[in-house]
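The form predicted on its own is given below as one chain in structure tokens.
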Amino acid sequence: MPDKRLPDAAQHVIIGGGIVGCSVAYHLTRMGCRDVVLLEQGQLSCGTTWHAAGLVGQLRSHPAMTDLIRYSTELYAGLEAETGLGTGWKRCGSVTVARSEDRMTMLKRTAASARAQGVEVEVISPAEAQEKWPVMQVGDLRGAIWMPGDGKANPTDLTQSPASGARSRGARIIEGVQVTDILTDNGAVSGVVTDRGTIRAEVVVNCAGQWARKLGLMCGVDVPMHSAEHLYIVTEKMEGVHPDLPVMRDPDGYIYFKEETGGLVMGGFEPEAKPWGMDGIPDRFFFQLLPDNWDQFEILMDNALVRVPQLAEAGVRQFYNGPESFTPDNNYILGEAPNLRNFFVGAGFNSMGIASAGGAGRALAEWIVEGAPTSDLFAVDIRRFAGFNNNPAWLHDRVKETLGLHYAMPWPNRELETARPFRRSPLYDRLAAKHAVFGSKMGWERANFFASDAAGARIDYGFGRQNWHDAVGAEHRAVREGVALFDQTSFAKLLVQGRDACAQLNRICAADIDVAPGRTVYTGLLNPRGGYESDLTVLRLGRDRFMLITGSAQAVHDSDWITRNLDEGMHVVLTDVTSAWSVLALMGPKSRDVLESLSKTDFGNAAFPFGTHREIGVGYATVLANRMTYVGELGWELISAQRIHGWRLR
């Protein structure tokens, strides 16, 4: 009988009964947590999970994500024996083919990466690929790779099996309950409000799929993701298609295939996606699909007919247009919210939730129980995003691109193109006039290199020598032999103030930052496991005031790490002042000569030693000059002086 009773309180409340939520419940109970309640507004798997294609490919761009998927395959293989419920898991292997020499180069690199991560892989010829997948034509192919450990699963069965395992160890799974609000108290989550009553909770886990962003907004947590149409068809039975047929991917054609009941599932990731749900995801969008969209599907169908000409004669049994959520960088979102304690998120799985759910559920459960991630999860850490990433207009434009990244060529140093430009330094227009070619980091436009003329101001992607090599080489020589100016405005800047600021920072930082005002210390932020959370520079501006300069992508992460590790009751305030300060770095052996021509300050080693900073005049400007360099040569960072809370930095 389904559990319908709503408890007054629980230690762990999980919102969302898709594959990810059920995996978190399963792993929490396996780790000894018994007071676990999972709430599902409809029925288990009714949102996105049920219409997933069910592909499980092991290899990912980040080793930690690969490890999590490899664990998923091990879990799925053993769940039926544990729970008595089948998962539809089949280790059928996968073939990925290349139409171009560039794609073949990429597949060879993929194979090398797989071997380094312990994933079984083989580079094969087109003829060998056809032996493994005989229903395709291979006349236009350059080669392929074979990964025997990949597979496929039935998404609905795969959800029920860990749910059963969680129930057997005491978890309560309650369907037909909609969460209408998240309760908080003193910066921590305290419970959930539902349409059937309130549950007090010590920990709340947001695994609500397409509704995860909406749930985050209820308690001020940014969960940046946007839904988009995801399309595939299921054919009638086809000659040569059998249950053991491997999964086949043709990324140059944006398409994938797998066997289903004697026919083929054919879908893909078109280069420009169609976002959905701009006015919000309907509350009761259960076991539903969107209308057929053959226009959007056309590019996939055209490429599928090239690869499998037999499709032209096959009947289409079902057209699936099931929306799924995608994130700004195509990696999912995991971890504890930076601004709300004990509120965890596992969402935004970018159409790879079936493959990732086993490992991601375990990783999130370990994070909850241990109080910190047990492996390097920064690629999926929720703290890699900032508030602007959750802007719906920005998300809408970015998701058009990120869905297609699944099969887009992963060129070295590839830059995303959508939702730009966004954050710009005061020098952006002047740098652009000098033929700067910009990349993007944490929304900031940053000059990657300067072309010699407007015609060369572009990136020609490839695996060989790049069109920017000569320009970058000239820039390197300028720094080594002369002088160069870097715009470092994008670097995150955190102001830490208060009578206890020094003592608290000195405990959190690895190096001794209790130095005289005017000194700068390069240090790491360490965790209890002896690992690095971040590395940054600390400028002691005064007895009770410090400026921390860290990486452009680290502002949210480092602010969260510092504030969560402050002792209770301490008089310390941290303020992100990144956008209030501009930074120019003058670097190179001639940087002292340039500064001395512009300022009356003595920049000699005795008067201005390494690791010190002071306020100086440069022409009419007054700046904070910090003698710190990361280029191996003499240099100063020139930080524009502002007034913060009425205090002049001296």
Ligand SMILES: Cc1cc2nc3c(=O)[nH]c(=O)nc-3n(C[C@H](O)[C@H](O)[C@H](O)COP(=O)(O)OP(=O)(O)OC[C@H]3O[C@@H](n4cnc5c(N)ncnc54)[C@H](O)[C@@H]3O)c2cc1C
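Remember, predicted model here, so these are calculated numbers, not experimental data. A residue's number is simply how far along the shown sequence it sits, counting from 1.
Not pictured, yet referred to below: the form predicted together with this ligand.
Could you tell me which of 87-95, 523-531, 432-440, 318-326 sits within 4.5 Å of this ligand in the predicted bound form, going by non-hydrogen atoms? Stretch with heavy atoms near the partner: 318-326.
ask   = Out of Val538, Val177, Ile173, Val241, which one falls within 4.5 Å of this ligand in the predicted bound form, going by heavy atoms?
value = Exactly one listed residue reaches within 4.5 Å, namely Val177.
Review point. Should Val13 be counted as a contact of this ligand in the predicted bound form, where contact means heavy atoms within 4.5 Å?
Key: Judged by the heavy-atom cut-off of 4.5 Å, Val13 is well away from this ligand in the predicted bound form.
Please tell me whether any heavy atom belonging to Phe286 falls inside 4.5 Å of a heavy atom of this ligand, as the geometry stands in the predicted bound form.
Although this ligand is absent here, Phe286 would touch it in the predicted bound form, with heavy atoms inside 4.5 Å.
Counting only non-hydrogen atoms and a 4.5 angstroms cut-off, does Trp276 reach this ligand in the predicted bound form?
Judged by the heavy-atom cut-off of 4.5 Å, Trp276 is well away from this ligand in the predicted bound form.
message: Using a 4.5 angstroms cut-off on non-hydrogen atoms, would Arg592 count as touching this ligand in the predicted bound form?
response: Because no heavy atom of Arg592 falls inside 4.5 Å of this ligand in the predicted bound form, the answer is no.
When this ligand is placed as it is in the predicted bound form, are Leu59, Leu68 and Leu377 each within 4.5 Å of it, taking any non-hydrogen atom of the residue?
Answer is no for this spot.
Using the arrangement in the predicted bound form, list in sequence order the residues of 329-357 with any heavy atom within 4.5 angstroms of this ligand. Those in contact are Phe349, Ser351, Met352, Gly353, Ile354, Ala355.
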